[in-house]
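Taking the form predicted alone, here's one chain by itself in structure tokens.
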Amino acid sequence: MSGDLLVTGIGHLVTNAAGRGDPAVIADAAVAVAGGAVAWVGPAAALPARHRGLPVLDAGGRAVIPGFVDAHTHAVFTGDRSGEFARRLRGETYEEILAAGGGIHATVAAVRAAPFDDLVAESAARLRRMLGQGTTTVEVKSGYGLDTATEAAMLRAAAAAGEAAGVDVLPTFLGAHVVDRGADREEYVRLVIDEMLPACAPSARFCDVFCDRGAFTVDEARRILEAGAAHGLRPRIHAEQLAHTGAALLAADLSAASADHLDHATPEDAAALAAAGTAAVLLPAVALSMRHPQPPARMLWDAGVTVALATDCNPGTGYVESMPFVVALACLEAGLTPEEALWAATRGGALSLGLSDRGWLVPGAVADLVVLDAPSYLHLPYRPGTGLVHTVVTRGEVAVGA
């Protein structure tokens, strides 16, 4: 495959070329792709002659946007927790279910028991569905192993599933998801630092910790994230989801790539994250699923924080695979404008993962783009739950659609 393509007939092209929250729309546009990278972008009438012989994809007047970058998922898993979801709808809390052996522990048991090839196949099918919703790059965490062998296997499975699905996967080590059942707390932290990290770091890009009520403390998270950094893994952190613990300030202090969730973040947290250059990865579908207040997206955006949106696709607290649905939620429930939400779901996600070549359509960028079955990106929040993805292009090749 050459990765050469000319996308023509674009009614409105979102390039994200003008800065935070500005879609920089070009009307009646074209995109030329060479070798899987964007070679030229502009009005179709100005298309240089050198690009006119490329294979053509006619968008038919539809809108084109950058591929979605899903910056926080737990998309490698097996097992069914729909019964647990129903228990929460009937009034049980997440913490109560976790303490009773459900929650993360239920998925850990299922993942430990799953043959590796089955785990890859199930996860690849999930990633293909995400690709069909326009997600071209996805961060995937471990964290359902809680022992060295399974954590390492999960990271290998994430890479294999991404390759099988045709989705770019960035793996994150999350051995510090919760303390394994029956384990001594300090001994488990030492296991993560002394055994899991050396074994898992070669297969990961980031190190994450669930720092929250019922999970790991700020001091424990600091120790683990600093150990991960010593192995070359940049910190990410689950922060301020269930309670305000100080995890966001820890993320800022460590210059973490991101602080994620942030449902209980304060203006002080926002100022610190902005100053540190730490992105805020917001997960409005999880708040919806858990019937919690939405993260303070408006406050974080206005404070100058780089905001990203993600699905948090996971089997317990948010089995959501659709970034268009997340964009709609961010607008309808979390206070972002359509322009801000789309930027956060594309360019913001890329920046939170340290990817300068994703989330926008400019010369030199990876040619990941989505043709919407709509005349404008405004239809994403306007028509939530509608299948608006017409065609998906990854690295200049049509992956979904015509």
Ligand code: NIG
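Numbering starts at 1 and runs along the sequence shown. Note that the structure is a prediction, hence the values are computed from the model and not measured.
Below, we refer to the form predicted together with ligand NIG, which is not included among the displayed structures.
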Item to complete: Report whether the minimum heavy atom distance between residue 317 and ligand NIG in the model of the complex is within 4.5 Å.
Response: yes
| query | Even though ligand NIG is not shown here, does residue 104 get within 4.5 Å of it in the model of the complex, heavy atoms only? | reply | yes
Check your understanding: Quick one: does residue 94 come within 4.5 Å of ligand NIG in the model of the complex, counting heavy atoms only?
Key -> yes
Is there a non-hydrogen atom of residue 136 within 4.5 angstroms of a non-hydrogen atom of ligand NIG in the model of the complex? no
In contact with ligand NIG in the model of the complex (heavy atoms, 4.5 Å), from 110 to 118, 151 to 159, 70 to 78, 185 to 193, is stretch 70 to 78
Interface check vs ligand NIG in the model of the complex: of 172, 322, 258, 241, the one with a heavy atom inside 4.5 Å is 241
Residues in 184 to 219 that come within 4.5 Å of ligand NIG in the model of the complex by at least one heavy atom, in order, are 210
